[in-house]
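A single chain comes next, written as structure tokens; it is the form predicted on its own.
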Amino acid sequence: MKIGFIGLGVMGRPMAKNLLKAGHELYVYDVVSKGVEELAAAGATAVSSNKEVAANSDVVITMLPNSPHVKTVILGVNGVLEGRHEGMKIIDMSSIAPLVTKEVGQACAEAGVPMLEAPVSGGETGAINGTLALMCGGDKELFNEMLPVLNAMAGTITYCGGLGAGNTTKLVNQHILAVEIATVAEAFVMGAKAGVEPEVIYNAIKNGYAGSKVLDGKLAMAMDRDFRAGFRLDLHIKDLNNVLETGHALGTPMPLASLVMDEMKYMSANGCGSEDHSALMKYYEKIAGVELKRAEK
């Protein structure tokens, strides 16, 4: 299949490579040339605009930072819709505000181009390994038709409902993840301040109800003092902002998300924005004057 891929950042590059490995013919574009050059070297065809991607592709996939980028790439000048043709479809895999997904989807429908949303979870490792979790929204028949394309990039694919349902589900995921990282940090910093080694506490509770992937993965990063980004703190701030905007628009309470957002912004302002979102733990460490590091052996 001829597939266009727009947005070749940390996540987009490996996702696009997995489409190439699956045997698809790929046309790529990004405003940053590095990703385009890397994909061209891997066998993709580099083109010069979003419009040109669309003109050459049966399916256009977008993997972009946030809502304004999706609107510009799909709806803007030299955008995807300007290159539309009969039979073309769009899959937006960006994590954006659900209301924007609906807005863009409506514009695409009016232009005769069906759109599916499929925001991802699983970080760079999942993108590289092709094991991402996808949360999809849109027409069910379109979802079924696009499954062979999605399967090349994902290990788990869930149909969540109509357009907007996928990004709503992703926001729920990001909300829980942010608050859980903060909760683990707050509790373990208390334990460390009381003189109990973090690894001892971890081994004692990891198989009980408090056990989780966040406890296993993000606490380990803190204990190893390794905050290299698997998912950047600044990207989680973007997602949490969409959580807050959506919650406030719907009239639902957001006290925990609001509190963690302030903590994340503080850490970003203090040089941690490009680190892994587990760097949020350093907020609690700094206040308490302890580090969640492993005991020296």
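Numbers for residues come from their place in the sequence shown, where the first is 1. Computed from a prediction, not measured in an experiment: that's the story for all the values here.
Form predicted in complex with nicotinamide-adenine-dinucleotide: not shown, discussed below.
By the 4.5 Å heavy atom rule, the three marked residues G7, S95 and V120 all count as contacting nicotinamide-adenine-dinucleotide in the model of the complex. Stretch 25-33 is the answer when you ask which of 40-48, 263-271, 25-33, 249-257 has residues with heavy atoms within 4.5 Å of nicotinamide-adenine-dinucleotide in the model of the complex. Put simply, A279 is far from nicotinamide-adenine-dinucleotide in the model of the complex: not one heavy atom of it is within 4.5 Å. In the model of the complex, nicotinamide-adenine-dinucleotide lies farther than 4.5 Å from every heavy atom of V59. At the 4.5 Å threshold, heavy atoms of V243 stay clear of nicotinamide-adenine-dinucleotide in the model of the complex, well away from it. Of the heavy atoms in L233, none are within 4.5 Å of nicotinamide-adenine-dinucleotide in the model of the complex. For the options A222, I181, M153, V73, the residue carrying a heavy atom within 4.5 angstroms of nicotinamide-adenine-dinucleotide in the model of the complex is V73.
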